[in-house]
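Starting off, we have a lone chain in the form predicted alone, written out as structure tokens.
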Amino acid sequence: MAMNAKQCACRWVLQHQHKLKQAARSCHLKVKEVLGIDEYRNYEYDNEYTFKYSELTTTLAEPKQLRAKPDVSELKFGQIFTDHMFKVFYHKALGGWQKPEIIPFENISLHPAAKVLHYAVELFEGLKAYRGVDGKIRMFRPDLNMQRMNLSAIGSGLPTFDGSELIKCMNRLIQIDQEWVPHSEASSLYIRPTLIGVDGTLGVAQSESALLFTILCPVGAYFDDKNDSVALFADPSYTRAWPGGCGDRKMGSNYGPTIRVQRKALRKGCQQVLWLYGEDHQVTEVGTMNIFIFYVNERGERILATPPLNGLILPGVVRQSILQMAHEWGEFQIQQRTITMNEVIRLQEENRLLEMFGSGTACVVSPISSIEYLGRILPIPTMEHSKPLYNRIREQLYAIQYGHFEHPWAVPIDSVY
């Protein structure tokens, strides 16, 4: 009799384990809320509630589904995709994250009322894999992308996950499609993890169902302009982000509204928009890039400055890498502070402005040659130096990414299992 009661209890636990886990997690979150814990700085992952690489299943594409690989010299950004993709669903009613899978590349079917379609409940990341000179394929600092992705998820009402598990799954995806990683130091494989709310209900509320997927595409140079440098259009009447908003998160709602201003910049012969903020016209971002300014102060000291992480700009992975490299070199001062257009103009007029450049995963490092601002063209002497800083930084990053020497930032895809 006692044995039958124990068996019944075990059966009941097995049947209701998802609900029990969800209740425990809900209680945990309520405790954090009562204690006033700032989840943007102290988010936690519990392996019990995340998808796991150990449960990953793979369905390979049939021969007729395989695509022809493009010539490396013809690669453009984000136009051609590989044969497979990764995806995993989240359903609160089923206990949270489901089992992850790699499948042949396919279209996504969504309910017409899915939150991603009506309220832009979605986020994404961008990182790259590189085929090194030694033949190894490496990803560049994927852990930082995972941290940023989870912070974006918290701000979007989407579920978080263990970033190390997604890195393992993406590594496996890249291994399967490894022949899509270009055999060229002028190209790479762009990786786009994306998380969207798929609840089939209208109403602005936290998502109870979500889809996390990752697609891959081989890419060449981000800008088509063969001159390398970019001209910027700066109009203070347009604002990209504001304090208390979500400008520091990788969410599509930050990018869609910028298209009309980008079109205006192109009509004026500029490649990118320099986004300004506030009455003093603070410099924030360049298109989808962070921005750096290299100059000489009044005491003759060289300084590399970039806007601070004050909520207006994206905490870029390349941005952080540049700051760390410059700190290790120890050859000039490094500042993270507010930069205004008046300061840029003054430095340029006094011949103390040396360089300006943008940084990001897609473009890596992009020199700036001019800024159109309030009806005038401000020339930037970035390209006039024999050994510019931007090029030294770019070459160092390339050397790390393409495996010219071993570096902890460049992680071989077969070394994290």
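Note that residue numbering follows the sequence shown and begins at 1. Keep in mind it's a predicted model, so treat the numbers as computed, not measured.
Note that the form predicted together with another copy of the chain isn't included here; everything after this is about it.
Novice: Using a 4.5 angstroms cut-off on non-hydrogen atoms, would His111 count as touching another copy of the chain in the model of the complex?
Specialist: Output for His111 is yes: heavy atoms within 4.5 Å of another copy of the chain.
Novice: At 4.5 Å between heavy atoms, is Ile259 in contact with another copy of the chain in the model of the complex?
Specialist: Contact check for Ile259: yes, within 4.5 Å of another copy of the chain in the model of the complex.
Novice: Looking in the model of the complex, any heavy atom of Val204 within 4.5 Å of another copy of the chain?
Specialist: Val204: yes, in contact with another copy of the chain in the model of the complex.
Novice: Consider Thr338 of the chain shown here, and say whether it contacts another copy of the chain in the model of the complex, taking contact as heavy atoms within 4.5 Å.
Specialist: No, Thr338 stays farther than 4.5 Å from another copy of the chain in the model of the complex.
Novice: Of 160 to 168, 298 to 306, 206 to 214, 134 to 142, which is the one stretch near another copy of the chain in the model of the complex, taking non-hydrogen atoms within 4.5 angstroms as near?
Specialist: That would be stretch 206 to 214.
Novice: Which residue, Leu127, Ile196, Met146, Ala231, has a heavy atom that falls within 4.5 Å of another copy of the chain in the model of the complex?
Specialist: Among Leu127, Ile196, Met146, Ala231, a heavy atom within 4.5 Å of another copy of the chain in the model of the complex occurs only for Ile196.
Novice: Just give me the single entry in Thr284, Thr288, Ser321, Asn150 that has a non-hydrogen atom within 4.5 angstroms of another copy of the chain in the model of the complex.
Specialist: In short, Thr288.
Novice: Under the 4.5 Å heavy atom criterion, name the residues of 300 to 333 that approach another copy of the chain in the model of the complex, in sequence order.
Specialist: Contacts from 300 to 333: none.
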